[in-house]
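Only one chain is given next, in C-alpha cells, and it is the form predicted on its own.
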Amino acid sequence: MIIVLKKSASEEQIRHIEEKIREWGLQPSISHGAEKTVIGVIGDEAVIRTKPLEVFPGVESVMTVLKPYKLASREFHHDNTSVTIAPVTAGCAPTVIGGRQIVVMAGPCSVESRESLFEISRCAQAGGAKIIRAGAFKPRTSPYAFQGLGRKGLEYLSEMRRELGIPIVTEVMDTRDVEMVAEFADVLQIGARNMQNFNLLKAVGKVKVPVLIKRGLSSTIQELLMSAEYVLSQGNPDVILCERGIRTFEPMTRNTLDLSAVPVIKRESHLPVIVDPSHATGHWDLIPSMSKAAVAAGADGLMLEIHPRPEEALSDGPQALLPDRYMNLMKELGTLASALGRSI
C-alpha cells in the first residue's frame, strides 16, 4: 500500500503517520520524489487493508501496489534512484551509480596475488574505471577450482584502495562473512548463484553498504526484483541490479546476454542497473560489442574483467580483456556515451 502525501503535509503529520504504522506492526518506508512524497506500508496485506490510512491529516490518497516487489517498484518511487558509493577509505571520491555518468567497474575476476591486483587495478583506473572489481571469495562450479584468497584477498583490496584512492566491489557468499566483508568492501556483490539465497539477502540488507545483485543463471526479471525487495525490506536502500546473462540452449556463448532486461527493469523499477558482458559472453572478443550495446540500451554501468596474462589467470581467463584492448574499448565507450548525452 502507498500513502500519497499532500504537498502541504508537515513533518509532524508525516511522523505521526509513521508512528501509527509501526504501532500496527507494519513497516513504513518514506520516498521523497520531485513531484510528490509517498509512504510505503509494508507488512501483512490482511492487516494493511483494515487500517484507515486515508483519514490521516496530510494524506492526499491511498493506492494499492499491484507489483509483488513493493519497494523496488516505480509505483513506490517514481524517480530514478541513484546509489552513492562512499568509500570507507579517506581520500576516495564518492561515485554515483544511476546518474548521467556510466560507471565502469573493472579489474580481475579474482584476487590472485598482491602484485597482480595492483598491476591490473592501475590499468583499470588509468583507463577510466571508477570502481575496482575483484573476488576474494569465488563460487566455482568445481570444488577443486581456485576458490579465492579469502580474508587475505580482502586485505590486498583494502591496501590497493588506500594507495590508488579507488573504491572496490567484491562478493560475499556466506551470511557468516557479511560483517567481515562489509568492513573492507565499498559495495557488496551478491553473485548469480546466491541471488535467491534469502538469508544472505536479509543479512546484507541490514548493513550500511551498497549491494549489487547479479541476476541468477535461470532467473526471471521479476525474481531479480524480488531479491532486491529482500534487501530493501531490511532497511538498505542502496541496491544496484546487474544483468550478467542467463542460461539458455545456446552453446556458442557462456550465457545469453539479455539486454532487453535493461529497459524492462528501468520501466518496472527505480533502481539502477548495470551489465556484465564478461560473464555473459565468456569470450573476450564479444565484450566490446556487447558493452556498447549495453550502453545504448541505457545501462548505468558496466562490469569488465581485465588481465595482462589471461593464459595464466586462475579463473575466467578466456573472458578477460588485455590492457590495450580495455583501453581501446574505454575510448570507444566514451565516444558513444557522449553521443547519448552521457559520459564514462
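One-based numbering along the sequence shown. Values in this document were obtained by computation on a predicted structure and should not be read as measured data.
What comes next is about the form predicted together with ligand PEP, which does not appear here.
Taken together, Ala72, Lys202 and Asn236 are entirely out of contact with ligand PEP in the model of the complex: none brings a heavy atom within 4.5 Å.
In the model of the complex, ligand PEP sits within 4.5 Å of a heavy atom belonging to Lys138. Ligand PEP is not shown here, and in the model of the complex it never comes within 4.5 Å of any heavy atom of Pro87. Remark: Arg193 counts among the residues lining ligand PEP in the model of the complex, judged by a heavy atom distance of 4.5 Å or less. In the model of the complex, ligand PEP sits within 4.5 Å of a heavy atom belonging to Glu171.
Partner contact region in the model of the complex: 185-193, out of 150-158, 98-106, 185-193, 124-132, criterion any non-hydrogen atom within 4.5 Å of ligand PEP. Scanning Met303, Ile306, Val295, Ile39 against ligand PEP in the model of the complex with a 4.5 Å heavy atom cut-off leaves one residue, Met303. In the model of the complex, just one residue of 242-263 lies within 4.5 Å of ligand PEP by at least one heavy atom: Arg244.
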